[in-house]
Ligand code: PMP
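Quick heads-up: it's one chain on its own, the form predicted on its own, in structure tokens.
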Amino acid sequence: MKNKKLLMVLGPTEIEDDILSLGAEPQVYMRTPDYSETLKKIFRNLQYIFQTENPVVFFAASGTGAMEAAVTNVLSKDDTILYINGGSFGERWGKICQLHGIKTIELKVPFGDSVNPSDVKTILEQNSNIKAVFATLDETSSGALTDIKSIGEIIKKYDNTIFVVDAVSGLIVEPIQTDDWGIDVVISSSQKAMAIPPGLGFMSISKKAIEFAQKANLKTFYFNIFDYIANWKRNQTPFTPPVSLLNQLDLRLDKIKTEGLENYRQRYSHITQLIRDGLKNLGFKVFAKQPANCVTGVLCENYDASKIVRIMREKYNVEIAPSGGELKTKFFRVGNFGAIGEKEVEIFLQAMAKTLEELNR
């Protein structure tokens, strides 16, 4: 491919050739006993990935589609929720809820910080009408990690409140015990640590959340969880699934299960540390106080971040993730989801060193 870019962004990711090639396989008809067996294996492997005994379904949608599915399935207009806003993705929970007429309480966290779980406890004690708490495992816009386990322990004590977590960037690469930690809904997507192309949104849902869904009045036709659960039970989907993506997902899940979640996570962690050590040697510091695996946010004190992003892309064919708004010239992010190994890290660091040399002239 002409001018192939090395993707050191937060998704889409670099993908191994054997998984990429499955995207070009001939299409198959999905309403057959054979395909139901394939879906049965995928559904069971997703339960392993999410560490849950509850249903895990998927939508032909991005992670944001799964976020909206979570909101519209378990809540009603004029319900009150609490959302943790530590960046653009935490903020998105609030925007989706507000669009659907849900009353919101915002717990604002400084950019790059992680929420103090005791603040969640305080707000819950002061607002007995909160139906759901929305959190983000890995706030991708800053690279900060959230202590989901501690928040889950707090929410377990509230029978009338469910816990909803965005694990789009954190699933697999961060520990997350859906059932043990009392998380009622977890959403994710295909283009981060799952390391297949974009287009699949995932959602696990607990018995408690299903009870909420039975009383909710915001359901949409396409995202109606009861259709998905009914089909999940028979190893099928309510609507046409993206078959090529499912071929790739099937192999990816097999690979993760064979390697083991912890080994998979440790491999990602090793590469993340190589990147951070290399950036430190170039004079940069990791921005987040509690940084997440595979997402490295960097605050530029001596350089224009937008120029770094541009030079890396245009001269060295390496894509890193820019920021927008007032952070455009101050902040960039580096991702290492997918097929990023030591060779790719070396290419990235060499390109960054040359970019800084150019900016220092």
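Remember, it's a predicted structure, so these values are computed and weren't measured experimentally. Don't overthink the numbering: it's just position in the shown sequence, from 1.
Keep in mind that the form predicted in complex with this ligand is not shown, yet the notes after this line are about it.
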- Message: Just to confirm, with a 4.5 Å cut-off on non-hydrogen atoms, which of 248, 142, 204, 189 contacts this ligand in the predicted complex?
- Response: 189
- Checked 168, 132, 71, 173 for heavy atoms within 4.5 Å of this ligand in the predicted complex; positive is 168
- Are all three of 116, 146 and 181 close to this ligand in the predicted complex, meaning a heavy atom of each within 4.5 Å? no
- Out of the stretches listed (146-154, 76-84, 257-265, 160-168), which one is close to this ligand in the predicted complex, meaning heavy atoms within 4.5 Å? 160-168
- Message: Is it the case that residue 92, even though its partner is missing from this view, gets within 4.5 Å of this ligand in the predicted complex, heavy atoms only?
- Response: yes
- Query: Does residue 67 make contact with this ligand in the predicted complex, using a 4.5 Å heavy atom cut-off?
  - Reply: yes
- Message: in the predicted complex, is there a heavy atom of this ligand that lies within 4.5 Å of any heavy atom of residue 63, even though the partner is absent here?
- Response: yes
- Note on the structure: Restricting to 124-140, the residues within 4.5 Å of this ligand in the predicted complex through any heavy atom are 136, 138, 140
